[in-house]
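First comes one chain, alone, set out as structure tokens in the form predicted on its own.
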């Protein structure tokens, strides 16, 4: 299969997008942006100065005063245009995502599709959920109405693993409801959002409604603490997420924080392995294991253990690694050299703690791309719940096989975890499935599903250390970007 050419070989020094214009950053703090499959620089990203971030916030604040006055149907028209231009440019956004992140092209296409679905859901939200509620005659001659009003400027802090999608968990809902935003993409994978913003220019949004600044911790903290920012959204690790949530609270800000995970996939003795195994491959090794819904701990219940282990390892060993723009590839590289080293460190820790490495992906070679950050699937057997590799988020293509005597023991394992992002079960029993989904402490539940990814019109759930806050990403954020005003009326 011939590898497709990228949209560009190099994107130059990325600019900031402030008040409807592309701005050359004055920052001298500039970092390379890599293609992880080739170990090649594809862009340079300047970390914006504090003054530049403040300019973006000021632009959003000024835009808010006019944007909130625009009638709702007019704001919706912008989203209709946004959907159309994203559809038109979906393939190039997907290819750029693969180029910068490393995921295979089908996964990038899926990310872009979910991105567009959030724009569609935001259109529906505006019609169905943002309208007020009215009750006549709550007392003699008195009526009562509930009105939702937009709050103002919000910061959106994006992750590296879904660089185009995650800002769209929030941005379309914010702007259709009358708010304005400043987006900070991941400094590791800033090109997809940069390119998506170029596509969005065709929509003709008023200057300042959507702004993009680049940077790392300092830029994020400026967004969180600035007095004109009403709240922030964050998707990333639990360690950073806890800091974001605490800092936001200290400054009286709203925050949605979707954090880390350690997901358990339970396979019952009656599971259909022929159908389950391909799904398990996607769960554990899709996106090279770099997603918060990736399978991590594979729990074999009862006598399914041996056949499951055999088929799982055989399937994992057949996955083809390579550059994700090659349509025949099953798994791309991890995102950075540092990520590769960290994942290898976890593999070595697993061996040190006594787990048995039955499939070793550390020394895999991809001849066409010898400098890429490739790791093959790694599978551990003889893993116990107290081991580091069973407890901590590895965020890479590493699977741990654990044994459970029955469903009760499997559920106990899951509920002892500090995380609660996703839990899945493979079974032919409705009774077991129902018991699992009722008793398991996790926000996203899969039944014969390996990646329980909610559609845009459902919240992206999470529990325990996988989530901080009250409202979740996607549809839940309607309440996040608005406040409720209750008007009690009597006319004499």
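These figures come from a predicted structure and were not determined experimentally. Residue numbers count along the first chain shown, from 1.
In what follows, reference is made to the form predicted together with nicotinamide-adenine-dinucleotide (NAD), a form of this protein that is not presented.
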If we test each of 145, 225, 384, 216 for a heavy atom within 4.5 Å of nicotinamide-adenine-dinucleotide (NAD) in the predicted complex, the one that passes is 216
Among the candidate residues 168, 234, 154, 285, which is the single one with a non-hydrogen atom no more than 4.5 Å from nicotinamide-adenine-dinucleotide (NAD) in the predicted complex? 234
Candidate stretches 145-153, 195-203, 97-105, 240-248, one within 4.5 Å of nicotinamide-adenine-dinucleotide (NAD) in the predicted complex by heavy atom: 240-248
nicotinamide-adenine-dinucleotide (NAD) in the predicted complex: contacted by all of 279, 297 and 316, heavy atom 4.5 Å: no
Do residue 161 and nicotinamide-adenine-dinucleotide (NAD) come within 4.5 Å of each other in the predicted complex, heavy atoms counted? yes
Taking 4.5 angstroms as the cut-off for heavy atoms, does residue 393 touch nicotinamide-adenine-dinucleotide (NAD) in the predicted complex? yes
Would residue 186 sit within 4.5 Å of nicotinamide-adenine-dinucleotide (NAD) in the predicted complex, counting heavy atoms only? yes
Does residue 378 make contact with nicotinamide-adenine-dinucleotide (NAD) in the predicted complex, using a 4.5 Å heavy atom cut-off? no
For the stretch 401-438, I need every residue with any heavy atom inside 4.5 Å of nicotinamide-adenine-dinucleotide (NAD) in the predicted complex, listed N to C. 421
